[in-house]
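As a starting point, one isolated chain is supplied in structure tokens, in the form predicted alone.
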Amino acid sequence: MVSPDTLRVDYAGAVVHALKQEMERDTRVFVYGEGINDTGAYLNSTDGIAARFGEARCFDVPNCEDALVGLGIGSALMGYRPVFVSLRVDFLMLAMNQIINHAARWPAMTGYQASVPLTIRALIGRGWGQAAQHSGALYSMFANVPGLEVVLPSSPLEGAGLLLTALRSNLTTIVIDDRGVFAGAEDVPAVVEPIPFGEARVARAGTDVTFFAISSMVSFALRVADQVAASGISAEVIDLRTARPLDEETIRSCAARTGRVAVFDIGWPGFGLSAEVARVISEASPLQRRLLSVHRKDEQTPSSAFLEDAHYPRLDDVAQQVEAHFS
């Protein structure tokens, strides 16, 4: 039974709930994106916003990412708190000049006299053959840039709390919405509390090996942990929550405690989360076993649903890898 102090919602419902709460509190917040007022748009994660606040604060725009991010930057510099909803992370490549050279760098270039409090939500597609141009993770491109924050929620509760923090941040924040986290429901507080960036959470306690994960790979790592428990391997699962800022202290302390680490990434193997976790650990202390990296295949995402299924990590395969590697 749901408490009157909580709401049972899926990821989209949690995002809408957090948006409405902040838009009620702060009239400077407005939302815009491609088709966001259409029925079912953006997997229902903007549902009811325009009806509640009017189309002056929630409006559709044409497809032109470069101009749309520019609109957000200009609005932010004028004191507003815009939220740009981009249909896919891949399409933000069309606005990299605006994001990198302007949104991320403008504060430093003005001696921190100006800020760009812009939130950009972008979806990673997956399922039914979304193929190469709709399913890239690409978060590490943004995480490499000082002046940006990069957020990867793993559940409805995390999505609501992390989005609220993004909406109140004075930096430009990229919120990566992985299609894999939209399924399933969770209890979310009627009054959402912000979740601080750069503070990982323990999703599961364990003693033998540490799984570091982000986004939809958190639930995948939990399933792997359940499966390898039958072989006597106690795995802790750490939801890192944000790629920038990254909770380096938790990475160091967990790696030092178990001495065994696997990294569950939503992206490709090169220059991603595994590499960054390895850097943080190697600067502190060596592992007892070499780091295990779990990731999609190093290839463009196939459009065939059958080939796509083989493109992503499979539960049984990864569980076998963990058992062989850490037993």
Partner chain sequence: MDVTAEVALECLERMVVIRAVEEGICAEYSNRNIRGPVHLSIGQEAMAVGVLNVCRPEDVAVSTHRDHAHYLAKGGSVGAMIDELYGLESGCSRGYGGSMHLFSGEANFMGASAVLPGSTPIAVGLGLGCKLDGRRAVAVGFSGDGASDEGSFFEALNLAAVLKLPVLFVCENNGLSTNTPLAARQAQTDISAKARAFGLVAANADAVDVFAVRRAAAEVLDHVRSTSQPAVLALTADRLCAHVGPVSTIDPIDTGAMLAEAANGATRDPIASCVGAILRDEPQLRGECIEILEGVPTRIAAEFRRANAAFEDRNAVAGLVAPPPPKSHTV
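Positions refer to the first chain, counted from 1. Only the largest set of C-alpha atoms that superpose within 1.5 Å between the two forms is called the rigid core. This is a predicted model, so every value here is computed, not measured.
Same protein, other form: the form predicted in complex with its partner chain, not shown, and the subject of what follows.
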Check your understanding: Within 4.5 Å of its partner chain in the predicted bound form, do 42, 45 and 48 each have at least one heavy atom?
Key -> no
Check your understanding: Exactly one stretch in 173-181, 84-92, 108-116, 192-200 has heavy atoms within 4.5 Å of its partner chain in the predicted bound form; which is it?
Key -> 108-116
Revision key, fill the gap. Assert contact residue (its partner chain, in the predicted bound form, non-hydrogen atom within 4.5 Å, options 165, 98, 242, 216) equals 98
Exercise for review: Consider residue 307 of the chain shown here, and say whether it contacts its partner chain in the predicted bound form, taking contact as heavy atoms within 4.5 Å.
Suggested key: yes
Point to revise | Interface membership of residue 53, its partner chain in the predicted bound form, 4.5 Å heavy atom rule | key: no
Exercise for review: Using a 4.5 Å heavy atom cut-off, state whether residue 65 contacts its partner chain in the predicted bound form.
Suggested key: yes
Practice item. Tell me, yes or no, whether residue 78 is in contact with its partner chain in the predicted bound form, where a contact means a heavy atom of each within 4.5 Å. Key: yes
Practice item. Enumerate the residues of 226-246 that have a non-hydrogen atom within 4.5 Å of its partner chain in the predicted bound form, in sequence order, or give none. Key: none
Check your understanding: 2 Å or more on the CA of residue 20 between this form and the one not shown, with the rigid core superposed, yes or no?
Key -> no
Point to revise | in the predicted bound form, shift in Cα separation for residue 311 relative to residue 279, 3 Å or more | key: closer
